[in-house]
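Form predicted alone, single chain, as structure tokens, below.
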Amino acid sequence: MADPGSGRGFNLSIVSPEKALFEGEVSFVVVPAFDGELGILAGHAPLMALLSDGVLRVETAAGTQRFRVKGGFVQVVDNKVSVLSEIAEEAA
């Protein structure tokens, strides 16, 4: 398992029915899963989980970004994370 500062990254996409909010390489993601927060690093095992309402945090080379999500799911496959949310927007 890699740590967020190790330089290993993975591809993340965050999509809502209205638009794609984010697409790019990240080092760490925390998603508000239905049964609690879930941290994802490079090399994470395949996974699919339901999202709850909350804030999704993304660590990129440029810093931390936050997105408010409501419902949907997250999938991790082959070092790619896809977040499909019913409602998603950049958080302040």
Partner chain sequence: MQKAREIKRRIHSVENTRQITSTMELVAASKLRRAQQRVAAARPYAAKLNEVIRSLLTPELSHTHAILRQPEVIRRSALILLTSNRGLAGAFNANLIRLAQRTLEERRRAGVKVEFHVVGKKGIRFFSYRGEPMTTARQDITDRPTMDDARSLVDPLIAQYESGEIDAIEVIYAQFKSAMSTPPALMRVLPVAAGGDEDGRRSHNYLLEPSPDEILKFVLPLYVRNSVYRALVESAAAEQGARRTAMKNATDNANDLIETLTREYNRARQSQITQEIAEIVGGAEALRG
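Residue numbers count along the first chain shown, from 1. Bear in mind that the values here come from a model prediction, so they are computed numbers and not experimental data.
Beyond what is shown, the protein has a form predicted in complex with the partner chain; the following relates to that form.
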Residue 87: touches the partner chain in the predicted bound form, heavy atom cutoff 4.5 angstroms | yes
Decide whether residue 58 counts as a contact residue for the partner chain in the predicted bound form under a heavy atom distance cut-off of 4.5 Å.
-> no
Partner contact for residue 24 in the predicted bound form: the partner chain, 4.5 angstroms, heavy atom = no
Mark residue 10 yes when one of its heavy atoms lies within 4.5 Å of a heavy atom of the partner chain in the predicted bound form, and no otherwise.
-> no
Heavy atom within 4.5 Å of the partner chain in the predicted bound form - qualifying residues of 9-24 = 15, 16, 17, 18, 19
